[in-house]
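Listed next as structure tokens is one chain, alone, in the form predicted alone.
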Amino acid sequence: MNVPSGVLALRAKQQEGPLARVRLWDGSTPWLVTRYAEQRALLADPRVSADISRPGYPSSAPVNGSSTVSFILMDDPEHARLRRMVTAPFAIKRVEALRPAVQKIVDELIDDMLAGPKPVDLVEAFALPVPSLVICELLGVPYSDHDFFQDNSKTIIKRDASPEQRMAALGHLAGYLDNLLDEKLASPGDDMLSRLTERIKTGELSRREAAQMGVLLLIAGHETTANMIALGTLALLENPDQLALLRDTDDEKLVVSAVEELLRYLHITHNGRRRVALEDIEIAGQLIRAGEGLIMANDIGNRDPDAFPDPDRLDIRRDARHHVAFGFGVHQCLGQPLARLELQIVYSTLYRRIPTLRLATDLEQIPFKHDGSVYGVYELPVTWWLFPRTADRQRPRQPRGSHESDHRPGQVRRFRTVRGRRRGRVRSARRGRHRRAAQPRPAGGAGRRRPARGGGLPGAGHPHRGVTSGPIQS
């Protein structure tokens, strides 16, 4: 993929220096921080505030007092108090325990894709359902309501949505979560919303705070990861050498590395991490005065050549773990362990099970999300070929001479045994000779079978040629 024009404009700012003044919609002129080192330093500095209500905060739209979405726009100690209440389910060990369940979700969605028609919109059929199903299960939200919360989420993160539209969408989601909290209070389950109701009963949390937490977790839990799945797939399809490395590896470390590099390379949150200085701060030869706003443009920070050599090249072998896609400091993304787990499973499964996955349209026809604070694609039409014996590469190879048992949707059924395959070929050849001997041969060779034109060897010109003895299924 080409470097987006917005990135090129930010790159020009980055080359001028690590800090530059920019003008916002309200006429304010906060500092745009473009370089990686200065971004990390300021995000970890206790002299900057994430409180959206403070004078000088560089908001991207008019602020209504009731629009604060939970603790992400607060400072400590209130931020820390509320964050602790939802930290446990996102602990690394707890998240890792979800791996089998997430793998099952991914496999079943791929089964559905393979059993259905082609082409298919990967966003609707796979990228959006994976994180939505996972976060619904964690929160205790009915997945049957996914159209409702996905539509309202899109309005909230859309740049050109009016303040009234954004507030209405937030109100719809807050009311929806509040109703669910009522149900959990009456009949608690083993989910995050039920655990929040326990905090409500003890007085540690208000109903409004619990509903705001639910809204935050529901939006962040599906929107960002869904865009990473679709956009990451597109990036890999446009970089087939990197896709081949990822698809063919059995090295879990390379899968982890690929996820970190794609997070760095794509960095889908394009609104910047916004802060306001509480005191005078001197950094990179510039004096930031107390009350001045700061916008950490993490997307360009992740393409700082001083931190990531040759930053516009996708290299899944790169050590990109120090990226700032999830932010940095006390406000870094709470759900990053879950996002990483989902992406590791998706990227290590999808391309193995559908090794011939490809775009079903030209790159220029794909609608990108230029109108929101979360970047991605609105749809990603894809298709694939199915090759006998390679249609489902996730399945382990059967021992020589063993019987094949189950048959998955979309997978070409194999012969039952290696020995049986050979016998079948011999019998078929003998039957053919007997038939030809029994029939009179037309004069002049009329009626002789000729090879079809334009077909060539099955799989010719494709990286998997030579591994199939049957026709391509398209």
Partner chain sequence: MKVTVDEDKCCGAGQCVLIAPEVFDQREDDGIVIILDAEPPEQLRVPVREAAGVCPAAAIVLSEIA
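Bear in mind the structure is a predicted one, so any value in this text is a computation, not a measurement. Positions refer to the first chain, counted from 1.
Omitted from view is the form predicted together with the partner chain, to which the following refers.
Under a 4.5 angstroms non-hydrogen atom cutoff, the partner chain in the model of the complex has K93 among its neighbouring residues. Residue contact check for A44: one or more of its heavy atoms lie within 4.5 Å of the partner chain in the model of the complex. Contact check for R340: a non-hydrogen atom falls within 4.5 Å of the partner chain in the model of the complex. A residue is said to contact a partner when one of its heavy atoms sits within 4.5 Å of a partner heavy atom; G329 meets this definition for the partner chain in the model of the complex. Between the options E238, D319, D371, D280, the residue in contact with the partner chain in the model of the complex by a heavy atom within 4.5 angstroms is D319. Screening K154, H172, R83, R352 for any heavy atom within 4.5 Å of the partner chain in the model of the complex leaves a single hit, R83. Stretch-level contact check against the partner chain in the model of the complex with heavy atoms at 4.5 Å: of 264 to 272, 282 to 290, 215 to 223, 93 to 101, the positive one is 93 to 101.
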